[in-house]
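Next up is one chain by itself, shown in structure tokens, the form predicted alone.
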């Protein structure tokens, strides 16, 4: 159970109380399906997906002084907090770089407003460009796959993999949780969990 953490270990590792954990659950800050009941030699115990819960608790602790629990719940929800933003607002709020915006417009054409789905595409493009690991040509490939798989990303929890082998790059979008096995000569450039990208984008917008 390397990918799981027990409730006892979580409370200790995250330095939170039982009461905090279940209050956050009631407020929908922690999904119901993350509470996994399993039989152990001591009886029934509750476990959580280790990476997800530790990341979520750390985010809650960081933001709870600035946002109400209801605002946090809205941010963690997969539903968008805004339906669209005009182009000038994207620039004004510095949500993405001018380079990413220019690439997006060159690919899709001019648009007065961006839906949340398009903002997410723009945000992922910008995040990868900022790492310096992706060139403009690869960025255009990324735009194409994000456009093609927009419904998959919207309807299911998804992961994005960016890999390269012998100078040839590939993007893979797959439902979460994914296990990707690649040849030894293949380099994993980036791995994004789309739900985390949605959370980060909501925080940036708000």
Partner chain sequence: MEKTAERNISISGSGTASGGEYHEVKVNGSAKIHGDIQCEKFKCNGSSHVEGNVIAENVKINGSTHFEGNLDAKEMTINGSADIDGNLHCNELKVQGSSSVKGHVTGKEIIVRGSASIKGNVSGEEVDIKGQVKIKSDCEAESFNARGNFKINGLLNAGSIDIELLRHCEAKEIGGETISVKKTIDSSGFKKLIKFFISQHSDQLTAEVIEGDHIYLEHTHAKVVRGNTITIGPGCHVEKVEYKESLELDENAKVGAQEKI
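Computed from a prediction, not measured in an experiment: that's the story for all the values here. Positions refer to the first chain, counted from 1.
The form predicted in complex with the partner chain is left out here; the points below concern that form.
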> Which residue among 61, 27, 154, 144 has a heavy atom within 4.5 angstroms of the partner chain in the model of the complex?
Replying inline: 27
> So which of 137, 44, 33, 68 reaches within 4.5 angstroms of the partner chain in the model of the complex, heavy atom to heavy atom?
Replying inline: 44
> Does residue 22 reach the partner chain in the model of the complex, with heavy atoms at most 4.5 Å apart?
Replying inline: yes
>> Please tell me whether any heavy atom belonging to residue 12 falls inside 4.5 Å of a heavy atom of the partner chain, as the geometry stands in the model of the complex.
In response: yes
> Can residue 38 be called a contact residue for the partner chain in the model of the complex at 4.5 Å between heavy atoms?
Replying inline: no
> At the 4.5 Å heavy atom threshold, is residue 17 in contact with the partner chain in the model of the complex?
Replying inline: yes
>> Taking 4.5 angstroms as the heavy atom distance cut-off, pick the stretch from 157-165, 144-152, 174-182, 44-52 that is near the partner chain in the model of the complex.
In response: 44-52
